[in-house]
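Take a look at this one chain, the form predicted alone, written out in structure tokens.
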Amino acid sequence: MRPIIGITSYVLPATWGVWVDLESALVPHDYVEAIRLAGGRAVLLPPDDLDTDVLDRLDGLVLAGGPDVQPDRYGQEPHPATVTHPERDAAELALLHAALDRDLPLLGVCRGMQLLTVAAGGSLHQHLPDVLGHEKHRPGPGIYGSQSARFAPGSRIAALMGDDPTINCFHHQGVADPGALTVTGWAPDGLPEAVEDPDRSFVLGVQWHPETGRDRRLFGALVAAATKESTGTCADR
């Protein structure tokens, strides 16, 4: 049985066929395909803050990209450029804390890395052009900023990325204070691009979008960790 990987999802109006602007739970298919190619089975998790029992049926979790985290969750007033979906914050933070309590393998992508940071007691820069003076991390609508990152020697992300440090970013916020997490990757301008929790079996956050290239290095590592998790739980399903 392939390990089951949950992916947190958007709820947005979507259009297909005869249906126009129908409220829908969705993620870019790149996430699903990246997990499938890495040997996992993807399931979508729409926002639901009633409980976290779904984790009993999962072997790993991906916190997907999306809107900004509510600034009041890290003690700030909202910036004019900050756009939030509070229902996602409530549901995903509940899942995140419960997954950490279970030591469930966890990968945070873009917003997911920022959510990990906030859960760890850290804080965010709400609008990077105000801090960095450029927009290289989000060059334009639908345009990824390609950069060459550097990684901490001996870190998980350094081992996974190997000789290719190219990353594709699309974000206007970033990590200011990582809280209890360890920063293990940086953009050329010094902005944190990867965080890890060395005290847990697999907790990794990346600020870029590895799903766009269906990067088997990162998703493969998540699925491998989830496979180990599934060997101890599949008999209970």
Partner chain sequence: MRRPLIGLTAYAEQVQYGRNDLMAGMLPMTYVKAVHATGGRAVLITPDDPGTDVLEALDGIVFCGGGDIDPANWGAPPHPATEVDKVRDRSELMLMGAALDAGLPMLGVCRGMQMMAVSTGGSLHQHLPDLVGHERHRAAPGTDPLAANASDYGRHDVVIEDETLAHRLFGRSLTVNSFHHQAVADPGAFLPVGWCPDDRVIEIVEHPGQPFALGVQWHPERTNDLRPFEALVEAAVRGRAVAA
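Numbering follows the first chain given and starts at 1. Only a predicted model underlies this, so the values are computations on that prediction, with no experimental measurement involved.
Just so you know, the form predicted together with the partner chain exists too; it's not on screen, but the next bit is about it.
Site residues 12, 18 and 41 are all in contact with the partner chain in the predicted bound form, judged by any heavy atom within 4.5 Å. Contact annotation: residue 189 falls outside 4.5 Å of the partner chain in the predicted bound form, judged by heavy atom distances.
By the criterion of a heavy atom within 4.5 Å, residue 24 is counted among the residues contacting the partner chain in the predicted bound form. Residue contact with the partner chain in the predicted bound form: residue 48 places a heavy atom within 4.5 Å of it. Within 4.5 Å of some heavy atom of the partner chain in the predicted bound form lies at least one heavy atom of residue 36. Stretch-level contact check against the partner chain in the predicted bound form with heavy atoms at 4.5 Å: of 28-36, 203-211, 177-185, 190-198, the positive one is 28-36.
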